[in-house]
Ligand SMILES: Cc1cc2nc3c(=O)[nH]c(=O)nc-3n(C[C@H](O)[C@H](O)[C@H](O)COP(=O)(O)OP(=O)(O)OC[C@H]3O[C@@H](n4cnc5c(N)ncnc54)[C@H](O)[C@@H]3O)c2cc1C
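This document opens with one chain alone, in structure tokens, the form predicted on its own.
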């Protein structure tokens, strides 16, 4: 069997490792357009803050791929998939024949598309190790930073810039950080945490124009007319999923590549995993995406089992943990950004800097957001897995565990 995997992130590499452990005779080809083997993307904020060395992020060295007979082709872009011929074509002119195909291609960060932005030095997305190295080099010689976006990426940039001692302004288009996920109380708490470390926040604002001086960033003006001088601009305004090479195939793509709970697409022998997969979530009975590290790793394992002939549904409860300036935050399971019709219960203690929001679907706990004390996340994940219907008084008790 020849397994071809598009994408060597944690989904693709985990799938390759799972395949090799189960089948010592198969051929595995792993394709990616970055110059590095698997590295820890969730460690990049620590690299940017200079608390982790860049080389410490590498998880799988090239020698590991050689030892496991996984053909890793870096700096190789997939240009076309032909599901009838069962081939994958690349920018190098090489065409690979596959028996089973896994699409784990992730996404590309959206650039800032406003007048003055294109080609201006000092504007950065934040997704890759190379992005991180470029920002680190810029930080050494700038005076002020602006971060744009209401996403986790935008938060991580704002936190890192301030950690490095830069005056930092955070511009958020919505009414608060993660406004589809947290309510006004949660937004107020995160705003207070930002102010505690000296980050200046502005809501209902987005960049209308970038100002330059000899090709270098000099500042931005927002749609409301406010001007912020800066020579470093971090952009976290979402991803465009990488599905362009599927354009002329029968593989169903909506926002992401559509799969069932087994991570199978609508085309036989083709699977999808990680950020790019719009998978069927058995806990809420609908399709959605989940852009977290642990979800991608679990996707990779599940997809590989099924590529080997198994019939294993994806039933992991995804979670994400992060620093939140001088505090911490966790998102668990499915939240209101995915299903807006869920019941939400909230508890907040501004003085203690603690926030908890729980989401219920038909009386079952489906997800949670925690800020401050996140130690209960494992208990809440177990409640989600058990799918127990809780009466209203028991739901309220969960806020206090």
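Positions refer to the first chain, counted from 1. All values reported here derive from a predicted model rather than from experimental measurement.
Missing here is the form predicted together with this ligand; even so, the following discussion is about that form.
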Checklist outcome for this item: this ligand in the predicted complex has a heavy atom of only one listed residue within 4.5 Å, and of 245, 314, 325, 98 that residue is 245
Checklist outcome for this item: in the predicted complex, the residue from 283, 124, 228, 293 with a non-hydrogen atom within 4.5 Å of this ligand is 293
Next on the checklist: Heavy atoms within 4.5 Å of this ligand in the predicted complex: which stretch in 100-108, 180-188, 301-309, 161-169 meets that?
Outcome noted: 100-108
Next on the checklist: When the contact criterion is heavy atoms within 4.5 Å, does residue 78 count as touching this ligand in the predicted complex?
Outcome noted: yes
Next on the checklist: Although the partner isn't part of this model, could you tell me whether residue 82 comes within 4.5 Å of this ligand in the predicted complex, counting any heavy atom of the residue?
Outcome noted: no
Next on the checklist: Just checking whether residue 41 would be counted as a contact of this ligand in the predicted complex - the rule being heavy atoms within 4.5 angstroms.
Outcome noted: yes
Next on the checklist: My question is simply whether residue 45 lines the interface with this ligand in the predicted complex - judged by any non-hydrogen atom within 4.5 Å.
Outcome noted: yes
Checklist entry - Would this ligand in the predicted complex be within 4.5 angstroms of a non-hydrogen atom of every residue among 196, 337 and 368? => result no
Checklist entry - Looking at this ligand in the predicted complex, which residues in 4-43 have at least one heavy atom within 4.5 Å of it? => result 6, 7, 8, 9, 10, 11, 12, 31, 32, 33, 34, 41, 42
